[in-house]
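Only one chain is included here, represented as structure tokens and corresponding to the form predicted on its own.
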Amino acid sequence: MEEALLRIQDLHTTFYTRDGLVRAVDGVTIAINAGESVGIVGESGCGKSMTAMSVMGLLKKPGKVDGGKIFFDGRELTAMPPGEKRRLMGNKISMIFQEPMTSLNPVITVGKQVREALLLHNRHMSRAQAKERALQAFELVGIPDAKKRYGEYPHQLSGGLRQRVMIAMAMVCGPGLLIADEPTTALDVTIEAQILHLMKDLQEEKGTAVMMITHNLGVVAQFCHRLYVMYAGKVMESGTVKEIFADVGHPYTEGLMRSVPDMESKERLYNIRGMVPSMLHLPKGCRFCPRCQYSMARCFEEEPEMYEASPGHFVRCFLYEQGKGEEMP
């Protein structure tokens, strides 16, 4: 089997707070191949962004990676010296953040911010060469009048243009992996469609792998090859988008699917009963069982493993323990 470009293996990310331990990421295993788009979905607080932050090394105290391994292109990031890891981030691995207004420096022009990303990772490049590359990147992501926009500040740009600047900054060094954390949340549906189309074109042209973190299953359907569904710090279901959408495995994924608005239906919008549990006080057994319509007595006592519902389609649910697949090794 081809070695994955990014391989997250049994990752544990914990926040050591005054009130107790918050296991934001609890034994997550994810693989992304070169040139592949992989979606990570789940409700707020399920550990999606913390998984991305763990990969990028952007965790702040009291949070830290205290278990598992992260490999990129065969190199172990979790054992890499800080200086070497900094040279990798933003160069071979880039990230688009959820809100560009808080990610861009408000007192530096957007052109200079993209130029500095180039100069940081290309020490033999002159400022003039970096500016030319930055302008090319602006044109590539569809920023009109690139030379004028180069000298403007973030507050002078619309939300869609700021997000295009973020994509230009993330792509300008030619990364092998792009992590997109809710890249279209703050945009209207028309601009969202443009940004997704742009990202797909760039991915196909450059062969970049994408980790797409989102709440939007519509984005997953049109953009991603494979999908991981997370809940309370764990992966509950994984497989190809086609397989999961055609034959939903986990009750939580079923609830997410049923919660998608249907403009033709007159029925009241479905919502998953109950609330996401506090990460300080997780339920015993399956973390989803207090909200699950199929829960059994066993679910409240034991935590299920991942079972193979069909080839390549894994579900963390006791419903698949017998007769529907074998336990994943």
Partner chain sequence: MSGKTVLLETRDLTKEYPLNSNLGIKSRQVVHAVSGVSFEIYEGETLSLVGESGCGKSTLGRMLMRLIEPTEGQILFEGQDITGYSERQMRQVYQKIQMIFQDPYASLDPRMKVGQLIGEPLVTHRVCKSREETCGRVRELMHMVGIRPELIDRYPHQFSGGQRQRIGIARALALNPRLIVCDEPVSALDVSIQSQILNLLRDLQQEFKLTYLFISHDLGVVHYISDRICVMFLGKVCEIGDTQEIYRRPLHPYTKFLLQAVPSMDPNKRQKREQILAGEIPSAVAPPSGCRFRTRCPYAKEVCGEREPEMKDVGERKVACHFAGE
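From a predicted model like this one, the values you see are computed outputs, not experimental measurements. Residue numbers count along the first chain shown, from 1.
Below, we refer to the form predicted in complex with the partner chain, which is not included among the displayed structures.
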{"property": "Among the candidates A232, M199, A209, L256, the residue which, in the predicted complex, approaches the partner chain to within 4.5 Å (heavy atoms)", "result": "L256"}
{"property": "Heavy atom within 4.5 Å of the partner chain in the predicted complex - the one residue of L135, V219, L177, L119 that qualifies", "result": "V219"}
{"property": "Contact test, all of R7, N33 and A146, partner the partner chain in the predicted complex, heavy atom 4.5 Å", "result": "no"}
{"property": "E139, heavy atom within 4.5 angstroms of the partner chain in the predicted complex", "result": "no"}
{"property": "Close approach of A297 to the partner chain in the predicted complex, 4.5 Å, heavy atom", "result": "no"}
{"property": "Non-hydrogen atom contact S44 with the partner chain in the predicted complex at 4.5 angstroms", "result": "yes"}
{"property": "Contact of R268 with the partner chain in the predicted complex (heavy atom, 4.5 Å)", "result": "yes"}
{"property": "Which of 300 to 308, 271 to 279, 62 to 70, 22 to 30 lines the interface with the partner chain in the predicted complex (heavy atom within 4.5 Å)", "result": "271 to 279"}
{"property": "Residues from 229 to 257 in contact with the partner chain (non-hydrogen atom within 4.5 Å) in the predicted complex", "result": "V241, K242, F245, L256, M257"}
